[in-house]
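Coming up is one lone chain in structure tokens, specifically the form predicted on its own.
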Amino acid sequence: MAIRILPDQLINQIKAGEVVERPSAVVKELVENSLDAGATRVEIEVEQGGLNLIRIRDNGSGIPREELPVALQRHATSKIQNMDDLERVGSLGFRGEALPSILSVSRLTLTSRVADASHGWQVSGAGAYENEEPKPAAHAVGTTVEACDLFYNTPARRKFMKAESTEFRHISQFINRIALCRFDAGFTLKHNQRRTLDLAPADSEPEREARVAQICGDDFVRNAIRIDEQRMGLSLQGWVGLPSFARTQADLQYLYVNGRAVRDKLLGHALRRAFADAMHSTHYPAFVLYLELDPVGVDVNVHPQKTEVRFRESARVHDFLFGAVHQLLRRQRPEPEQHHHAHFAESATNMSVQQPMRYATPSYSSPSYSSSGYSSQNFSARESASSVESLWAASNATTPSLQESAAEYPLGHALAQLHGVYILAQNNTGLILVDAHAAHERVLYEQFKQQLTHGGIPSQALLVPEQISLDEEAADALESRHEELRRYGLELDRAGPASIIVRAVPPLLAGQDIATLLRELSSDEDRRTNTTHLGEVLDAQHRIMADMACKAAIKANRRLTLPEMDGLLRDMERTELSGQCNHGRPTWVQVDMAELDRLFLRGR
């Protein structure tokens, strides 16, 4: 077969395979065009998931009559004119491929009016533009684009489309993404004549926060921290979810570079590292972040859908993003009035008052009393009343001091320990529940890191050195790390082909299961051999200290005194990232008085 130049219509259909992947891609290109035209209101209407109809109407600057036919030609755009413009793209679109690509796979109608025109003008085509003259049309200032019967002339493409609900979900997700970035514009979304989204422009800070809450949920806003960092010519703003708000899937991650939603491996790695100390490896952080930099420093012309970017100084951008988020998280201290709130299920609070409540049989045994103890018959009415009065007086005498103590500290004052696992404390807001092991683990971990930074973790010589049997490969791995482990307070010597002698350990690990710790450290060698980046080396060090902290932390069923519990609460208030343990589990929760009142139907 001879080599020939393809006809324009076939070229457009090939390009459409890159640009117009599904109905949501059509919506994306047209909405971005509307925003580039300065629109403050964009209305999106779709039918049958966008396959039958996509209509985008805006109040932007419009397209003059003489430019309408040109707009449907390949590589026709008003956004760039030369190479210098391409190197500093500030608009969402710039290639001039969207309209001709959409036209090549649909029946398209383009209607527009500029401000100084008495009426609008319209051009249309099915699969290709027939070079007809624009026709007059009634239209407000702005532009309307209708794309009907998507992929009508490429049935092979159409049959690969998903269900109507799936295609509409992709459209809705895109509108959410763009609405989180363009607060200056309002958006309306309709599907099959039913309005599913209506967002007004959000000019003030409360309005922007309300839009974020509407799209990401109230829980995200309640558990997020505002970030605003500028340095080295870079700016980062937005909302960062607390590690305790970690998700089981990456469904609340919105990252924008110069107003463009992107998926970038470099930025994703920086954010994962920022959360690494406080989140389980199987969970995902939640964030809405806006990174701004000089357009010359970022190349957006690397992907057909413009969802990937390249940075000229990638290391600088990576370190800035990592440092800004990491330091923000580490600056947080317990704030019970804002974060870590526990809520009871609605079903527990909506029980009818008349309905008898059923209680499970307690798993613990009731206290037993001797036969000489008091019984209900031993109390007269007078004795009973005086007993109640004395208890009430004692309660009133002790409550103010406890409340005053609770008011001084965010995590309040310890009351008791539950089943040797949880600490119950009272603060100004209500009840604090603390997982003692998880909280102590975080406190020790941060202490180990501080000690390592200031010269190494102190060690305590064992009175009788402990010999531990390992396989030969594990013993080799530990021997090769002899000097490194000494900095962590672990002094080891090789005793044989498959054994190690432990001569000293950190004081907190005295009496702990050192053999299990050493086996875990030897298995970590596989990951450590591939760590070349400084950040990865630090991560390997932190894994060792996390294992040590886990072994040394308070164990379940250890009874603590009230001073010991108060001491742990004060340590938590001073410790960075104390809201979650090294594995990402929460260390404490707040139960408000209002929540307790709701549970017991008080005030109803």
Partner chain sequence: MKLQVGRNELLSALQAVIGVVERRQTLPVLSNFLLETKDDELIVTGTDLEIELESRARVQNIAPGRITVPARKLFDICRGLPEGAEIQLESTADKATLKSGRSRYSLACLKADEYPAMGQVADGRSLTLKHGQLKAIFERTQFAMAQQDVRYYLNGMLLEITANRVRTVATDGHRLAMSEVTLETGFKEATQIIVPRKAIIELLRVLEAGDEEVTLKIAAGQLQADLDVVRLTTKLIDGRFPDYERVIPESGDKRLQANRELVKRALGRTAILSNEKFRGVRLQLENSKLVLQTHNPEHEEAEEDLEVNYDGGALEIGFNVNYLLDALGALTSEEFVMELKNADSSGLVYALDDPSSKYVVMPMRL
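Under this definition, the rigid core comprises the largest set of C-alpha atoms superposing within 1.5 Å between the forms. Positions refer to the first chain, counted from 1. Treat the numbers as computed from the prediction; the structure is a model and nothing was measured.
Note that the form predicted together with its partner chain isn't included here; everything after this is about it.
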| query | Non-hydrogen atoms within 4.5 angstroms of its partner chain in the model of the complex: do 31, 102 and 115 all have one? | reply | no
| message | Which is the contacting stretch out of 64 to 72, 48 to 56, 559 to 567, 543 to 551, given heavy atoms within 4.5 Å of its partner chain in the model of the complex? | response | 543 to 551
| request: Check each of 181, 452, 470, 137 and return the one that places a heavy atom within 4.5 angstroms of its partner chain in the model of the complex. | output: 452
| query | Of 217, 206, 496, 458, which residue is found within 4.5 angstroms of its partner chain in the model of the complex when only non-hydrogen atoms are counted? | reply | 458
| query | Can any non-hydrogen atom of residue 233 be found within 4.5 angstroms of its partner chain in the model of the complex? | reply | no
| message | Taking its partner chain as it sits in the model of the complex, is residue 464 in contact with it (heavy atom to heavy atom, 4.5 Å or less)? | response | yes
| said: Considering non-hydrogen atoms and a 4.5 Å limit, does its partner chain approach residue 79 in the model of the complex? | reply: no
| in the model of the complex, residue 489 touching its partner chain (heavy atom, 4.5 Å) | yes
| query | Taking the rigid core as the reference frame, is the Cα of residue 514 displaced by 2 Å or more between this form and the one not shown? | reply | yes
| said: Tell me whether residue 190 is among the residues that move between this form and the one not shown (Cα shift of 2 angstroms or more, core superposed). | reply: no
| C-alpha of residue 229 off by 2 Å or more between this form and the one not shown on rigid core | no
| remark: Cα of residue 442 vs residue 461, shift of 3 Å or more in the model of the complex, relative to this form: the pair sits farther
| request: Over in the other structure, so in the model of the complex, do residue 516 and residue 276 pull closer or drift farther apart at the C-alpha level? The difference is 3 angstroms or more. | output: closer
